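What follows is one chain in structure tokens, specifically the form predicted on its own.
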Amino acid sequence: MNVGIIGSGGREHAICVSLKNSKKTNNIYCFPGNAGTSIIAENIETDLNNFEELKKLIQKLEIDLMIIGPEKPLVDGLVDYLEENKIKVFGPNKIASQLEGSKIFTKKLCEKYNIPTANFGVFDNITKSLSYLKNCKFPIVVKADGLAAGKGVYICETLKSSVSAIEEIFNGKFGEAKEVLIEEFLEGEEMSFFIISDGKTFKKFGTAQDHKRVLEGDRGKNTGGMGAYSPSRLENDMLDKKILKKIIEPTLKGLEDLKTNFIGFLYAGLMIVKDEPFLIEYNVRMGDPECQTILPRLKTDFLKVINLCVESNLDSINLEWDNEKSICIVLCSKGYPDQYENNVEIKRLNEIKLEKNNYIFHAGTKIKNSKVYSNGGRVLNFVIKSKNLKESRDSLFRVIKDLNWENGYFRRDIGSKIIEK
């Protein structure tokens, strides 16, 4: 099969690698891809907002199946458009993508179907928001409603910081804001829980633990993700059953009642409080960097799984997983998630020798005159799969040290809660 992938991050590079390992794959095309995908696929520059142009390219290249990596094209309705033009595509439609596209949509779904989540309020102006704060216990969480690349969430310890967050959101930091979401802060431990669905049935697709905060000790600003490990240390059969019964199944029932279904990856960001799961948010695609830790553990042919989903036949296959654990450390540009410098050459990348089950997934990179340059805040993902997470993490430190990229920084405490247990 000829397969196309929308996206340019570490998630998309990891997907490319898994597709490359499939016996069913002929050619891979990335729109637009990065320096890493260019080694195993053909990168194609195009305007992802121009659906008509994208459709023509897909038809010209005789692509049999499209996989959409990031959230924006999903929320914008790319799946609906491609399906209308008889192009096979893996990902949820526009209505289902509102699970990520609107935090308020998801909160109201939780309210209607009794899905456990934090108590919340929704407000359409600054005055009402500030009035609500008077009766809040701190810390609280303030969220922008729409897509914000993982950065539109504020954990506010004081009234002053809450006011600042609300003003930033309504003043357009994340685009036009008609409403803001304010919710209680849940004390517990986060967990990323994934399923894959063909619209009729679904299967669990692994768990992971993301590390969102920019600084060690889970301090500082939220980012797109500084690292992850898989599986989550919280994972067990009893908790799995609770998550499926209390959160996943009623969510899919809610979409069914809206006369739609869910095809693709659904990622539940959870807070586990005294062994009970609460939904923090949904993502309607694989997480990044969680994807980079989950896919290397999948033993089943990845393309076969995706194709069966698109054909509404997921029930015909059993997913097999490696028992080994995986860990990912994200190397970022200095200054991220604020101001950082782009177009900095990564000189020693080709000199790094990787052992079996070691991976470097490119995220924010580009290739120019056969040289690799940084092209984003999160630049490279270093991943190892093994039986021992501490040894894996130490090995990743050595690889990053060998790279010796002076414009990069990373967190050294990824996986500490399970490693130091």
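Since we're looking at a predicted model, the values are computed, not measured. Residue numbers run from 1 along the displayed sequence.
What follows is about the form predicted in complex with a small molecule, which we do not show.
Using a 4.5 Å cutoff between non-hydrogen atoms, residue 212 counts as a contact of the small molecule in the model of the complex. Proximity of residue 186 to the small molecule in the model of the complex falls within the 4.5 Å heavy atom cutoff.
The small molecule in the model of the complex is approached by residue 271, whose closest heavy atom lies within 4.5 angstroms of it. Using a 4.5 angstroms threshold between heavy atoms, residue 222 counts as touching the small molecule in the model of the complex. For a residue to qualify, one of its non-hydrogen atoms must sit within 4.5 Å of the small molecule in the model of the complex; none of 109, 246 and 249 qualifies. Only one segment in the set 273-281, 304-312, 236-244, 167-175 has residues whose heavy atoms sit within 4.5 Å of the small molecule in the model of the complex; it is 273-281. Note on the partner interface in the model of the complex: the residue among 155, 344, 349, 319 having a heavy atom within 4.5 angstroms of the small molecule is 155. Shown without its partner, this chain lists 190, 124, 76, 216 as candidates; in the model of the complex, only 190 has a non-hydrogen atom within 4.5 angstroms of the small molecule.
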